[in-house]
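The chain below stands alone and is given in structure tokens; this is the form predicted alone.
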């Protein structure tokens, strides 16, 4: 049985590599490009193994039925999945091409050399190209997982700078995004939303609908699902406003408005101990015992994080065409095969009648509104068959209707012996699900994860999350520390009855867990009177972990981090999911007289295994740091009984250019080692490092995000 998951599902070489006309090589992948430069990395890998110029490689945008089903583009797994698959496929293809060339030229395989797809024999000086050899034919063989791949010392492309795929189109404005699609007869659609999740349409002014029809606007209504479509986009925008004024809603009890962090620890919940290796077990949670008798110091602290948004800079969109019993959907979903399955169930169609095409749009790194917009476009398209429907969410739609990253509480207790060693540890995490994607096979009703299935008639019930029990997923991602701590007590709490819709957001529970864990490590280090770097090193026995922490400490010391008056520096560390990339982060801040946090400098040291595209990896790490800094300092969703109130960038502030630190990123050199997913590894350490830097600068321990002016003033008064 094949060992690699992507190859196991798609063993045929032709599913991955295509020697195409015009001197091109097409790489097929099930992963999608969200700005993380995965297409660039895959092109570099393919060019390396095939010995062709990088510019010859085209990476196909994923389509169902055309490209491999590699699940979701999530979890920082693209390099392990698609990167490794393309490396094996490329090496298998090269070996087969050499065999074909040897037959064609009647020479020994070991006499052949390749340069940019031109195969030459040292013995006869004859040559043939890959394109001559294939001439439109297929390989017709399986990917060999035991094939010899290039050794690192032979690499000429991996680890080198490359122009990112698609960058020329982006910077010159030639890139076509989902929002830009233009097709004959296309109609533009807009939604008319209820006030909140539980409101229902009780009336619609028929005269207003008739007037819209006279103006060439089509109104689509299915139960409480309400939309308009028009040939002119501005007409659709204005029509949605008119229809909103014509709609009356039954609001019921509205959204629940509990004190959020009290509800997180007081509500009904499902609780599970988390075993070594990071997976929960279906057993009774052990009681929190008294601290050990030989404990010299025992500390307890709770760290709180509110609901946060994906905050996509462009709102979600979807395009659909219903024609002859088939449905084509253009979407920026992170999982087109999973979405196809959910759409088929929701629309009661055969999966074979749906064709999904990934089309670039605003990236988000998580489950934002993309899947919902695709479904809504499909609903409208089925009501207006034969016409392409392009639905664009508004900013209000995006802020109020995307699934959020769950609010969390992390409750920690730790004890030190007289030498400053951790001898006791408890960490309980409380939160709602991070696993709300519409994925068939994961849930009984995956379609219920699509928001508008709750407004059609008959409306689906809102789903009740089941606990995710795999290692390091959901609430308990990175709950287990990488530090050598004897018998840690680790508990996952899936809390019921919380008010807002939640799902996957970059790093899932790891952001809150690592930020809390690393803040607590600093509190313990301070209690022990030990330098924060040294305190972490004495509890790390993983040499690669020690390398990144030591390197960070040395860089920050050389740069005199926190030495300037009024500034403070903090550090934090994690290995994402305890199996992916290692990352240590340092942050230097100042707390202003206005009680705001100014980010001055940041340092990132990461070990992601072999580095294929150093520019792309650096961009991912630095972008992740900025995003996590925004979560830490600014972001929180607000609501009342009438619905979400943080519906724009004023009511939901994010970090701005005037508070972006100067960042230095160090990538550890690990040629030949396996790829380690890195896109999400920086988030948690950033949150922890900022909290620790604020303490170093001001003496204030902040434990409830966001660390904004209100939080700082409140801490100063305590």
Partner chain sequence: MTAIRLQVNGTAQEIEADPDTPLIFVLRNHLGLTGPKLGCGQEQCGACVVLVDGVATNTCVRAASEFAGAEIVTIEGLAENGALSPVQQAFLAEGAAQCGYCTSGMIIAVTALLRRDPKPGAAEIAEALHDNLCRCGSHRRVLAAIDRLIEEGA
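Positions refer to the first chain, counted from 1. In this text the structure is predicted, and so the values were computed from the model without any measurement.
Quick note: we don't show the form predicted together with its partner chain, though the next part is all about it.
*Asks:* Find the only residue in 108, 170, 275, 248 having a heavy atom within 4.5 Å of its partner chain in the model of the complex.
*Replies:* Going through each option in turn, the one that passes is 170.
*Asks:* Of 499, 623, 463, 159, which one comes within 4.5 Å of its partner chain in the model of the complex, counting heavy atoms only?
*Replies:* Of the listed residues, the single hit is 623.
*Asks:* So, a 4.5 angstroms cut-off on heavy atom distances: do all three of 237, 656 and 660 pass it with respect to its partner chain in the model of the complex?
*Replies:* Yes, the whole candidate spot contacts its partner chain.
*Asks:* Specify the contacting stretch among 175 to 183, 375 to 383, 99 to 107, 516 to 524, defined as having any heavy atom within 4.5 Å of its partner chain in the model of the complex.
*Replies:* Looking at the other structure, the answer is 175 to 183.
*Asks:* Given that the partner is absent here, does residue 365 sit within 4.5 Å of its partner chain in the model of the complex, heavy atoms only?
*Replies:* Taking the distances in the model of the complex, the answer for residue 365 is yes, it comes within 4.5 Å of its partner chain.
*Asks:* Residue 635 near its partner chain in the model of the complex, any heavy atom under 4.5 Å?
*Replies:* Although its partner chain is absent here, residue 635 would touch it in the model of the complex, with heavy atoms inside 4.5 Å.
*Asks:* Would residue 645 count as touching its partner chain in the model of the complex under a 4.5 Å heavy atom rule?
*Replies:* Because no heavy atom of residue 645 falls inside 4.5 Å of its partner chain in the model of the complex, the answer is no.
*Asks:* So, residue 421 and its partner chain: in the model of the complex, are they within 4.5 Å at any heavy atom pair?
*Replies:* No - in the model of the complex, heavy atoms of residue 421 and its partner chain never come within 4.5 Å of each other.
*Asks:* Using a 4.5 Å cut-off on heavy atoms, which residues of 21 to 45 contact its partner chain in the model of the complex?
*Replies:* Those in contact are 34, 35, 37.
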